[in-house]
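Only one chain comes next, encoded as structure tokens, the form predicted on its own.
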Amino acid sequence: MNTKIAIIGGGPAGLAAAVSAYDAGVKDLLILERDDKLGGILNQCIHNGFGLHTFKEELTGPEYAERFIEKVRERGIESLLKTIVVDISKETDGLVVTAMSAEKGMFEIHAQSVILAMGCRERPRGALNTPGYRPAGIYSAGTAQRYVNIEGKMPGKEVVILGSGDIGLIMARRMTLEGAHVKAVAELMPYSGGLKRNIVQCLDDFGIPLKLSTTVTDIKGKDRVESVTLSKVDAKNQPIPGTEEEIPCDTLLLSCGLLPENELSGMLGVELSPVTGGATVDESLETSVPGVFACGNVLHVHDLVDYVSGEASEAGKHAAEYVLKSTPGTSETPIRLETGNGVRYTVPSFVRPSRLEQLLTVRFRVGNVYKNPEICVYLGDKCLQRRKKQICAPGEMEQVIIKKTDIETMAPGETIRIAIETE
């Protein structure tokens, strides 16, 4: 098969990227989705809270997805469902995507550009080094969400949740509404990894305790979970002897972080960030491999799907510009974005001034909770911006906007640095 742009993933990022690329002038597009329908993880997120930025109204996950699916249908953009991409490789005049499905078997797609929109996955128990037996009743929060919302099955009745990511917080509320007793949400870090509104709406409103600086140190039960032991941890995240608390339960949900799905990216040779696990990209969301763009949770884990869609729209537009040969050359030395004083990473990771539009939006996350901080932007040794905030927390993304004219004044070899400063 041949196509101008192959989009890997039919979730919110892939759908928004496809619509944007089509509207930017490339009509020959192909979406590849491994599930049996478009929409991605949104299909199992039946709670509301989506779409306030994009559509100015509150939607459920399936409703939000359907808005973009309808845009794809209106444009006649082709999609292949139940199709798994197993490899991406470079060739002299483009890229080759190798995929397989029950209908077509193994086949190749030759594309001029590829947009990576594979999303992310949850950390499994094996990555958490949790001791104890391997009984029934241990689920990732996303798996439990699918059981309850899609398949109509209850994972259990007496529940403990490890990790206060947004999916874990939302499942604490969901399980409670379905009649389960959520006894506690334990969080290894001294702060929650979820949005503040989810802490209030999903825990505080239902009287569910959030135990910070706490982890699971033992799981009892051979056939089914019978209880878990929670322990406080020190500054090095090591359990503190004497703080053990055994909680009887039949279910343990794990919500301990998300990992971008980047096996394909690594096979292609895309440079990956050691912090996010996603690709490093420039201002156009182009990766280190020319013609390959990344957006959504495969790039970095977002807090709102509205931001996923906005970012993916930019990726689609720039992929179309690449195919239509309207992207400026890349002979100039890119300017690196550096992080300092609590900033974990930035997107983009580097910029090419000739490609910039009038404004550059830089998104980033902090690595701790900061009260009354100042977000500072340095161009070389010069402090360009200093903006005060009441609070910065790891669960919510921050952003700064830099003018192209300011970047053009930078001397060769200088970098852009984003930092958090406190009194």
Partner chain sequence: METKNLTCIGCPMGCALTVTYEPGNRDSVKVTGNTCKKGELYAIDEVTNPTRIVTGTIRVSNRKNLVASVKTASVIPKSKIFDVAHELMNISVEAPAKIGDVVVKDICGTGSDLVITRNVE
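Positions refer to the first chain, counted from 1. Computed from a predicted model, the values in this text were never measured in an experiment.
Missing here is the form predicted in complex with its partner chain; even so, the following discussion is about that form.
Here the chain stands by itself, but in the model of the complex one stretch of 354 to 362, 40 to 48, 22 to 30, 375 to 383, 40 to 48, has heavy atoms within 4.5 Å of its partner chain. Taken together, R197, Q201 and I391 are fully in contact with its partner chain in the model of the complex: each brings a heavy atom within 4.5 Å. When its partner chain is considered in the model of the complex, K71 lies well away from it, no heavy atom lying within 4.5 Å. In the model of the complex, its partner chain sits beyond 4.5 Å of every heavy atom of G367. Although the partner is absent here, D205 lies within 4.5 Å of its partner chain in the model of the complex, judged by heavy atoms.
Contact between V323 and its partner chain in the model of the complex is not found at the 4.5 Å heavy atom cutoff.
Proximity to its partner chain in the model of the complex, defined as a heavy atom within 4.5 Å, holds among P274, G105, G242, G152 only for G152.
Contact with its partner chain in the model of the complex, defined as a heavy atom within 4.5 Å, holds for exactly one of T176, T215, S227, S140, namely T176. The partner is not shown here, but in the model of the complex the stretch 58 to 75 reaches within 4.5 angstroms of its partner chain through a heavy atom at E58, T60, P62, E63, E66.
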